[in-house]
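One chain follows as structure tokens, the form predicted alone.
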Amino acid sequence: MAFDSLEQRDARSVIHGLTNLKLHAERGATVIERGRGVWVTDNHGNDYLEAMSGLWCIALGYGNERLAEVAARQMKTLAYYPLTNHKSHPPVIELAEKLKAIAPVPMSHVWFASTGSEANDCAARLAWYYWHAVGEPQRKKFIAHKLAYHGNTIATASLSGVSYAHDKFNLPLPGFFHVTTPHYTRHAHPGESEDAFADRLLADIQQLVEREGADTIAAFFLEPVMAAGGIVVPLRRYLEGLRKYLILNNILLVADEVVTGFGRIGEMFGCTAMGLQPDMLVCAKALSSAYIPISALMMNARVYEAIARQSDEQGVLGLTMTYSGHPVAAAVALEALKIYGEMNIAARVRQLEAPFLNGLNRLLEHPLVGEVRGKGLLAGVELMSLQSATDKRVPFDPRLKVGALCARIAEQHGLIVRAIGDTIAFCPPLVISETEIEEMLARFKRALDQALAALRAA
């Protein structure tokens, strides 16, 4: 790195999440300076196909002038105003109305925040508030999946089922429980059918609830398709059984659509694609195509009416955020939703799903590829070792960090992906073309070949 380069200045001053900080100080950052469509360019002029939409979020790609113009216009009209003390503004009213109109199930009201973490945190808090309102304050516990990712506040990191969010942070908090990741090929017993696997997971949840007491469980948080957990598509039998069980035991269902919302898996919301009927629904990321931070928590009439009644009894809803429903963010989100409608974004994703997933599935012939999972324009390619003696795929020793190796080599080939353990995640902007999908696949194949050569040479 050149003296006082951007890379050196970054290493001296910026803390990076989901990063080995000591290693980062040695390696430095890839400094991205500009972007257009699905492409980004670093400070040395190198171009990359951004196959992760940044952090699962820039659905409309880079350089969308309509979103930039709307933001500038709103900043000049009304740059900021809070929603406290009976105040409001037109963009947030229109956005709430629009979200209710397109919600996958009937919703009553919308709470706004800035990030998915905040919105999920508020969902947990409001679940507690709701149960106090209906006279069941003992319902304090939450259930989520192992490997789930629901955010990184103290509460949402506790909801998340990933060790990196817990270890050395004194988390999870008491009362946060995690059940088996609904990943059939990874967690099924030998010879176990998909139906038997789903039934076993449901039985385990029932056992947990009976042990803790159904009347102590506040809510179950789940992602229609698990993203940061390695792109896991739950079996429909499992989700249907879980939905019925939660209703039977009067447990709230919170759908985390931070990644799956707004067309990502072929429907406007993942709940529609996966047959879910949540009491609360959290969305963020693609809500503004990541052009400005905003998230939303939709809730049905059952939940809203109870918390409204309790706020009247207390005199105020004791929950607020400075940037809740920020007018610039709301205006940009409204424009993004308008663009999604004009593009018929969900139908576009369904059309691109075949070339995207079929292309990745063709890589199953590669010696490094053990499984391809996905739906819509969201996929994971799990790297596994091919045992010559048995001709079977087995996981790599995690200490080899094969996924990280492959992702690093892919970047050298001008392709940005994300390694989740040994699963390579793909989440390209929804504006990607078939030609760009082909280019993405070609670059990834070259990265796989080079990673294989490196492993064999080691």
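Note that this is a predicted model, so its numbers are computed, not measured. Residue numbers here begin at 1 and follow the sequence given.
The protein also exists as the form predicted together with a small molecule; that form is not presented, and the subsequent description refers to it.
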- prompt: Does the 4.5 Å heavy atom contact test between R264 and the small molecule in the predicted bound form come out positive?
  reply: no
message: Although the partner isn't part of this model, could you tell me whether V259 comes within 4.5 Å of the small molecule in the predicted bound form, counting any heavy atom of the residue?
response: yes
message: Within 4.5 Å, heavy atoms only: does H145 come near the small molecule in the predicted bound form?
response: no
- prompt: Is E223 close enough to touch the small molecule in the predicted bound form, meaning at least one heavy atom pair within 4.5 Å?
  reply: yes
statement: Partner contact check in the predicted bound form: of 148-156, 339-347, 69-77, 89-97, the stretch with a heavy atom within 4.5 Å of the small molecule is 148-156
field: Of S324, T181, T115, N300, the one that lies within 4.5 Å of the small molecule in the predicted bound form (heavy atoms)
entry: T115
task: Scan Y48, Y62, F396, W56 and let me know which has any heavy atom within 4.5 Å of the small molecule in the predicted bound form.
output: W56
